[in-house]
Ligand code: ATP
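What follows is one chain in structure tokens, specifically the form predicted on its own.
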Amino acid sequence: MIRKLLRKVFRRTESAVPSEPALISVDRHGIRREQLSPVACKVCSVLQENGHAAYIVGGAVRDLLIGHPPKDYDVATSATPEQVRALFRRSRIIGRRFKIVHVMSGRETIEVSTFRASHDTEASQTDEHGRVLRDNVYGNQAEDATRRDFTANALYYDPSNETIVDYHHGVADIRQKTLRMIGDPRARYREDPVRMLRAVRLGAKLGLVIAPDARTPIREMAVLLENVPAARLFDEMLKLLFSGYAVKCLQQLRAEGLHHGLLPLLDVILEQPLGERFVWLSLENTDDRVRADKSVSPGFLFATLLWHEVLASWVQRKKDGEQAQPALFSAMDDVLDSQARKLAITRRIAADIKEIWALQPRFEKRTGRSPYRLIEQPRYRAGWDFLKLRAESGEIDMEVVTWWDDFAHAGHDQREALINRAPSGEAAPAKKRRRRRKPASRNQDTADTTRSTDAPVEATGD
């Protein structure tokens, strides 16, 4: 009992927050309500009109202060999930670890969460490592601010008066380009080890330097990531790889020692000169597409990250006497199975990865009808983009890529010419078209029967 009492006392002292936050007016922070999502502002307005406190919180406020357009919007409120659900027709309560409400309007979804109380081991459920498993104890805004991970994420924007409520000097930290943890970093990492990945991602994406007290424990506490569910780890990896700053994130992951266990084969890949260039080209290509607001595919990216391990296994299997096609599929299964222990790659994404890999040997066949069948495949374009990366990294000749690009955009006669000009050893003579015989007339048939059996039969229909 005494130990529990002491823990509570010291926890309260440690997590104490200023009773009076800084109220930063619009003339100081510069964010106008017109810059925000109208849907997020409407959600706040409805909640406020019904007697609840409501603010746009977290990443959207942080990104606007830095000058980045927000990707999504979160709202924090004093209303319980059930009260929020009752106010919005198109809404639903989700979550087991933390209950939140998704409010939908058109294609936009606003995530609404209730202010959370400070951690209390009596009310919250944790595992043996200190990771919080379930905690739905509600509190006030000050306690909610303490529960957030970084000072840059503990900012509350009120659209009604365009004021930012700042409990932990988050605005000042952003201006000083510093990513600072709220509370004791070691305790916060134990509560949720994914915060270590988030620190790396936000630091790389936003150009912020991780504060020394938050950075120092990362390397020694990285082992805690082994206790994180694979599905949640996979979601966090997707956020990192599709942040638009994947190259910087991965470099920072390696610097902090966090890549071990996330992609178990990544070290092996990056140690191969050919594989390393291939991976970096893929990540740079993904970053360029994200920043240009173009579509990106998790299947394509993971296919590139794991390709050289598949390639090495495939080559070895063929040396051991396996047939090429079965050997490739066995190599694909082995690599994906090894990844499944750490990353919960969904079946749909795994199917996309396999389709891209399975197309690669088919690009070697440029004879007969094979090229025609290949360009009709739904995943042809993804396969060709993958082929191009292989050529740019030096794995194959760029001539193959150019040939397929020309073939895909050529007319029928040009395609036949390309097949005929395929490299020696691949091109085969075009098949001779068999000439169909026209049916003879009855008179002709009768005449033919009167001819001598020794006389040659003349072709008809000329």
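In this text the structure is predicted, and so the values were computed from the model without any measurement. Numbers for residues come from their place in the sequence shown, where the first is 1.
We do not show the form predicted together with the ligand, though everything after this point is about it.
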query	finding
Sole residue of Gln339, Asn153, Thr178, Thr114 within 4.5 Å of the ligand in the predicted bound form, by heavy atom	Asn153
Listed residue (Lys294, Lys71, Arg348, Arg381) with a non-hydrogen atom within 4.5 angstroms of the ligand in the predicted bound form	Lys71
Location of the ligand contact in the predicted bound form, chosen stretch of 143-151, 363-371, 331-339, 222-230 [non-hydrogen atom, 4.5 Å]	143-151
Whether Arg33, Glu162 and His169 all lie within 4.5 angstroms of the ligand in the predicted bound form by heavy atom	no
The ligand contact at Asp192 in the predicted bound form, heavy atom, 4.5 Å	yes
Distance check, Leu250 to the ligand in the predicted bound form, heavy atom within 4.5 Å	no
Touches the ligand in the predicted bound form: Leu202 (any heavy atom, 4.5 Å)	yes
Interface membership of Lys239, the ligand in the predicted bound form, 4.5 Å heavy atom rule	yes
Residues in 40-60 with any heavy atom within 4.5 Å of the ligand in the predicted bound form	Gly58, Gly59
